[in-house]
Structures are given as C-alpha cells and as structure tokens.
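This document opens with one chain alone, in structure tokens, the form predicted alone.
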Amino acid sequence: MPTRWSARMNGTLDTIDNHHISINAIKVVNRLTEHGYQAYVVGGCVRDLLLGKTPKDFDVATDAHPEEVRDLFRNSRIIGKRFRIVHVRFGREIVEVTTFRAPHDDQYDENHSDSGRTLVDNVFGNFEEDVFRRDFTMNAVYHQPETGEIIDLANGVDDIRQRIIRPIGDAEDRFREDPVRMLRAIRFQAKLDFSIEPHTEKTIRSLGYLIQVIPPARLFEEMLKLFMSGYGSAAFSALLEHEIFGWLFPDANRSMKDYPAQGLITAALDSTDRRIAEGKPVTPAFVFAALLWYPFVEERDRLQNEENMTQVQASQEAANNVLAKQQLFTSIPRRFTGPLRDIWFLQFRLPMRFGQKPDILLEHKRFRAAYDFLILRETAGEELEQLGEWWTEYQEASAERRNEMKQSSGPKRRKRRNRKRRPRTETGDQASWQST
C-alpha cells in the first residue's frame, strides 16, 4: 500500500508541497486520474524536490498506453522508437508521460542485441513492475499530488538520504540493457555530489567498453548533458575516475601522456561552468575544441614532418582526420565543427602581431573564443611567451599604444652586410662585378 513519509531528511520533511510542482504536471496527472488511469509524478523531479532543489522538468508515469494519453491531450505527440513516450506541451514546457513498463521474458530475445542491450522496450506493465524497471533507486520514488502520497518500493528515499547512487536489480544486467546508464550514474555523481555504490563502481569499470556500442549521435547528446549543464568539470573528473573517458575520447585520453591535455580540458570546463552559472552563452564547439586540441596538434605536426605539408595544408588535413575519427565515437554536428576549426586555426594567427594583422584578427567573429582558448592553453602550462598577456593589453590599448606594440612585436629586420668592393673591370662596353 502507498505510504506517506514524514521523517526528516537534510533539514526538510520527506513530504512534497504541491506548490513546488509544475502546475502543468499536476494538470496531466489529474486528467489521467479523472479518466480512470493511475498517474504519478516520478523520477528526478521527485528526487530533487526531496533534496530541496528546483526540478528542471517533470515526468509522469501512468498505466495509460501512449495512444490513450495522446487521445486525452490534443497538445501532445508520441515520440521514440526504442521506447515510446508522450510529450504534452504547454507553451515552452513539456511534461513527459511514460507508460508503466514490464520486464522482458528473455534478456536475449529479438528485442535485445547480442551484448544484452535493449533495442525495443515497449513492453507495458503494472505499477510494481514499472518501479523495478527504473534505473536507480533514487529515481524510483513516486508522488501522487492529489493525495500527497510518496510511494517508495525500492528504498529510494533511504538512498537519497545517504546520497548513494544504486541501480535497481543486478548492476551488470542493467548496464548491459542500456550502457548509457553508466554515463547517467556518472552524471548524477557530478550533479548531485552523490557517491556510486562500490559494487556498481567496479561494474562500471569492467563494462566501460560497452559504451562504444551506443550510436554516436546518442552519445553526443549525453556529452551535452555531462559537459554543458553547469557541472562539466566534475563530470570530467568522474569520467576519468571510473575509466570511461577513454572509451568516449580515445585520442584525447592518449594525448594526456605527452601533453597538458587534462589541464586544458579542466580549464575549458571550469570556464564553461562559470559562464552557465552567470547566465552567459556557451557552445559545445569550445569544449570539443579543448577535448581534441592536442590530438589535432600531434596530427598536424606529423603531417608537416612526414608528409612535407605546409602549415595551412597540415592544419586542414589534421582537423579533417581528427574530427573524422572522433565521429566514430561521439558524433559532432557540423554546426559545431565549423566554429571549432576556426578556434583551432586562429591559434596559429595570434602570434602574428605586426602590420594590420592584429586589427584584422580583432574583427574576426571567432576572435574572442580564440583569445579565451589561448588564455586556457597558457593556464594549462603551454609556454607561449606571454602571448595571452600581449593580446589582453592590445584589446584595451589606445591607438598610439597599439602601434608601439605592433612595432616592438614585428619581425626583426636582418642587418645588411657591407661587402668590400673589388676593382671594376671593363669588358667592351659592359661593366662586370666580381663577388667574393
């Protein structure tokens, strides 16, 4: 039977005030129950409310099938193939409605891959079955707004209280069903400052290779959740801690042996986290530029040395090679690879500080991103002869000071040697000069 919790947790009651729940989520739950269906607010939103946090979005679980939900809400549509869900739209807010799921009879039937990954998960069930089909105990707490009941069959409230991430069921089976759950565990660790249960932690290390069976497009979306949500630096540390980073970015992982890659990536993610906290715009292009910078530099140097390419040719070819290889693991949409290339290529123009070159660079639409990237390279330990300091001053300097800076930074002219003249001899009507 549903139970009402009233024990204290982190200074707050284990009860939920409906004023903190989206009015639209309550509307969805109420309409479903009015038509005879079971319906609950569930998942991360309940967990966050119990932690005293403001949920980003709200999910509803019900015994109504997707088509039945769609019939009740004209402002809805069914999405998904692997698991069909319904999005009910209220202006800019979307309430996600899922039907109770049931376990598959056979883990290795036609709905699963050879590794056990779930390919199709549209097997619907009852409330109890749905509880134990969820990924982690902390996400399996249900709340009924109308009655105020909090239903916890998986002991999720205890794990939330102890700040533990624990899968429901056998960790290996759950991660084989969907390897992305390993990334979700790492994301929750970074976002909530929870710890992963020790046995689960060992399982993640042993099954990390399964990440590579996930489609690259889906992994890119997971990278956005990890790196572009305000806790990217902590997520990066957790990926390294659990030995998952190398399965996502093999070249970047390898570059840490010979280059200050870890420092650059951490600095880029720290900067991104700060900008998100300040409400400033951010772009994945900047983060991916940092993740792949040293593989790009290494490949560029190889092409120049082994293939005798010019700097421009080597830069273009190296960018093509590094990005093409990374697309096999985490796809990067073209709308981000263009700005990423600009950030890289401008790094080789920033040392050119004479004539009109600095002023032309200042007008480039990617200058600011390239300048920020330069500063991060210095922060990571690259020796760039105070190039970042020069550009910092140049941006704020007067016209007169800029001219002085450009003159002092210009290429040194070679002194012309005075050669001794030898006596001139005449041959016919022409004079010839003999050189030593």
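Quick note: we count residues from 1 along the sequence shown, nothing fancier. In this text the structure is predicted, and so the values were computed from the model without any measurement.
Below, we refer to the form predicted in complex with adenosine-5'-triphosphate, which is not included among the displayed structures.
- Put simply, residue 315 is far from adenosine-5'-triphosphate in the predicted bound form: not one heavy atom of it is within 4.5 Å.
- Contact annotation for residue 188: at least one heavy atom lies within 4.5 Å of adenosine-5'-triphosphate in the predicted bound form.
- Among heavy atoms of residue 59, some come within 4.5 Å of adenosine-5'-triphosphate in the predicted bound form.
- Within 4.5 Å of some heavy atom of adenosine-5'-triphosphate in the predicted bound form lies at least one heavy atom of residue 134.
- None of 382 to 390, 24 to 32, 43 to 51, 398 to 406 except one has non-hydrogen atoms within 4.5 angstroms of adenosine-5'-triphosphate in the predicted bound form; the exception is 43 to 51.
- Residue 139 is the only one of 139, 337, 326, 266 with a heavy atom lying within 4.5 Å of adenosine-5'-triphosphate in the predicted bound form.
- A heavy atom within 4.5 Å of adenosine-5'-triphosphate in the predicted bound form is found for exactly one of 159, 178, 273, 197: 178.
- Contact residues in stretch 224 to 238 (any heavy atom within 4.5 Å of adenosine-5'-triphosphate, taken in the predicted bound form) are limited to 225.
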